[in-house]
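The data below hold one chain only, encoded as structure tokens and taken in the form predicted on its own.
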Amino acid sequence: MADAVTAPPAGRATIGDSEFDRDSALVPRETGVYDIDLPAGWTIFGAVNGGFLLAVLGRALGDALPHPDPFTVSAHYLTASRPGPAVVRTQTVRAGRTLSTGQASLFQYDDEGREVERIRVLASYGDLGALSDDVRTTAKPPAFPPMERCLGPEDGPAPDDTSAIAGRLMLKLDPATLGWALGAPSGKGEMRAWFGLADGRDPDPLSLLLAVDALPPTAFELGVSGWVPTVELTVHVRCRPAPGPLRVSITTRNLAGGFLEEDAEVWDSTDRLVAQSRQLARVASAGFGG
């Protein structure tokens, strides 16, 4: 079982009434069309975080489709999203008895006033609460220290202004994956952390879409610095997470030709594997550490 963790403080945010929920809320314009003002608080290097964007489109599809929960979501990131007004357009592809499939795209305007598609998603939705309790798995939760022995942004030097999203999250990183922060990356391409939202909101299927893309890039532990933008990201949500902090483990086995893959697993407080993902990312910087 997971190491015991400190109980969350009283008065914490709740699902539906938290910073994450308010910032990802959409305003219906017409059937299948939604407006949103993307906030600056979920950016890194000035671009809106890909996991937060996935949660925004996931929220739109959950409203547009007849089933409530994301089962599989595949996103292609076409251009970087910036804080400011955006529109999400959804389309129902198929509505079945146990699964429904839809697509969604997020658009913004460029400096010339032209509409630009930022991200396109194809997803299948169902009801996670209707799944059976039968679990047969060889997967094991990641082994790393309890939260009090892991390190967050507050434990290092004063943060810079390149990662506004850090203030929205509770991240406690496994010290074994922090060599990059000390100028000595391990070369293993691994990143592990305790994950939650800073206001104490418990996880749900939508926040799992954020969790898979919220840790520092595994490229840092390969000796690569700089922005690592996502090209494509597929997430499988396996069940509703239990209350409490999540554990996220991400690995990269191959960086070649300026691209790498990241495989993520998300485990809840009951040692249940609640989400898996794979993404292809581009190494935007040629800088390599020592």
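So that there is no doubt, residue numbering starts at 1 and follows the sequence shown. Given the structure is predicted, the values throughout are model-derived calculations rather than measurements.
Only in words, not in the display: the form predicted in complex with a further copy of the same chain, which the text now covers.
Enquirer: Looking at 75-83, 170-178, 198-206, 143-151, which lies within 4.5 angstroms of a further copy of the same chain in the predicted bound form, counting heavy atoms?
Expert: Selected range: 75-83.
Enquirer: I'd like to check something about residue 231: if you look in the predicted bound form, is any of its heavy atoms closer than or equal to 4.5 Å to a heavy atom of a further copy of the same chain?
Expert: Looking in the predicted bound form, residue contacts with a further copy of the same chain include residue 231, since a heavy atom lies within 4.5 Å.
Enquirer: Please determine whether residue 184 contacts a further copy of the same chain in the predicted bound form, using a 4.5 Å cut-off between heavy atoms.
Expert: Outside the cut-off, so no.
Enquirer: Decide whether residue 117 counts as a contact residue for a further copy of the same chain in the predicted bound form under a heavy atom distance cut-off of 4.5 Å.
Expert: Residue 117: yes, in contact with a further copy of the same chain in the predicted bound form.
Enquirer: Give a yes/no on whether residue 88 approaches a further copy of the same chain to within 4.5 Å in the predicted bound form, heavy atoms considered.
Expert: No.
Enquirer: Between 48, 246, 250, 260, only one gets a heavy atom within 4.5 angstroms of a further copy of the same chain in the predicted bound form; which residue is that?
Expert: None of the other options qualify; the answer is 260.
Enquirer: Taking a further copy of the same chain as it sits in the predicted bound form, which residues of 91-126 have a non-hydrogen atom within 4.5 Å of it? Please list them.
Expert: Stretch hits, in order: 91, 93, 94, 96, 97, 98, 99, 101, 103, 117, 120, 121, 122, 123, 124.
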